[in-house]
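Given next are two forms of a protein chain, the same chain in both, each as structure tokens and marked structure 1 or structure 2.
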Structure 1
């Protein structure tokens, strides 16, 4: 059983030993996935294989080997059926600039098999849902990036799909449009009871919307679990702000078998048990330093991400570095 199998009995998406090659280039390697109902973030740097994974799951491109299913349908033979049950918001602009937004969305509905009346009615509804009620009769070529993304989202939602797959939905958006798109995705999960799978190279986006996370790195899945589990699994630390000799303090801590790491005047000490705090205070007395602040350090997802990437040996120092395609040897700024 994979880790993800612990999250729930019936995943909506599965993949087993999925491989995808583009000529000699390996884009996906031995991908095993079990995505539960709800909101899942697919996180990875540019070139990691996120878009390729989505296209394979939607049956838009063939896989080289392996198996996969979406809502129980086979990705190799039932792609069309899968696409009729899923909303897909692609990474790149898929809109016709000369159309009114309402016609574009209606057209998307008709392509998905809806009758013209039904598609037209839904086009109005979903455009209102994505905040474009007043722009329905504007040509798409006049739209901002945020409005284009919202229109793509409306096209993906027109047939009221059970699963919404969004490929980098916030890419290129300003803060306001980004917040709106993320809020709409959250609403689709929380109020609409739908599942959302979104890719991003930004941890914050995923953290805002998703309960579980899949990290992908060079075509391989490196982490697959709920965000809650991920946060709980990380070692707790005590963070100290000290005044005085930080190096002396460090050596006093390590002489007492405490594991400390130093970030300027801040020292983080691994919390072993209840005695850790008093050991720290004793070390401070021996080192003759003043402890200005001491608190339990709560790692956020960004820290966890860095820990994982550290273990992978990648020189990623922040999610901004995820923008770099082959981050090995990338700039170190800390």
Structure 2
């Protein structure tokens, strides 16, 4: 058996003790990173270091110290080769409104070094792949937001990259267009055998496409693991919908040494043991409130993100705080 077979698949992106300074400012601090093949979400508030990390990994800027590789290529000496293997779908509008879609995608291919005939053939193929076969000869200025996003995705895929980096790929889309873009990204991973790295403030989208996440905070990697592992490690909670005095109910729960988180009329109580439910009901009687609903809470990625940010002391009140121009560019210990 080969070494790879014994140790598992090699990561597509690695970083070891990666450090980046801008003068006296620390942008990245001792970053150790391994991103596996597949789909990975990149999360973190504005200024966390996401852009700097990816610029370093793509060889666009130099590192202060440390090392890294992308697809086995050294980030310090083989940046141009790394970038030839990457497709990038930016959040901002990077399209020429006067061009037909097929000409825009072909031009993107030629900029990446493809000959005109090859770029033209691939432009037709990828536009069909992203659902724009019948709109190939329409001017981009006539496109809806969903069609613009699909065109940007086609430009990123035209040279058949091994890694696709997507920055807010569903931003501004209606439900139907959003579902199609996410389905296309999943197909790229599951059927195309490519890897997707996705930055988004919409946690449902990250959870829909990605198997793992990397969370960056103040230039450090604070989470690096599968979404399934994160969900399993969150403390079990009972979710209550209270009517007639949620504040009083919260107080009664606290007096019984039960840890509770209140979100309006919704209160989530940490489940300590089998007696937690009976203690909750006793507290409701004392508080003279109605418990309209009680169930075990199933955390989603957004809730996990906010819990982690809260533990780190970050002033993040919701994932809308991630909606900034800085989207892309040591794990939490057990």
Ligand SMILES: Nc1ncnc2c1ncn2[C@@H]1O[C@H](COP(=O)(O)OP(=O)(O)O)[C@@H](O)[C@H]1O
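So that the term is clear: the rigid core is the largest set of C-alpha atoms that superpose within 1.5 Å between two forms. Residue numbers count along the first chain shown, from 1. These numbers come from a predicted model, not from an experiment.
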property: Assignment: the form predicted together with the named molecule; result: 1
property: Rigid core fit then residue 75 CA moved by 2 Å or more between the two structures; result: yes
property: Rigid core fit then residue 219 CA moved by 2 Å or more between the two structures; result: yes
property: Exceeds or equals 2 Å, Cα of residue 162 between the two structures, core fit; result: no
property: Shift in Å of the C-alpha at residue 303 between the two structures after core superposition; result: 3.2
property: Following rigid core superposition, Cα shift of residue 249 between the two structures in Å; result: 10.0
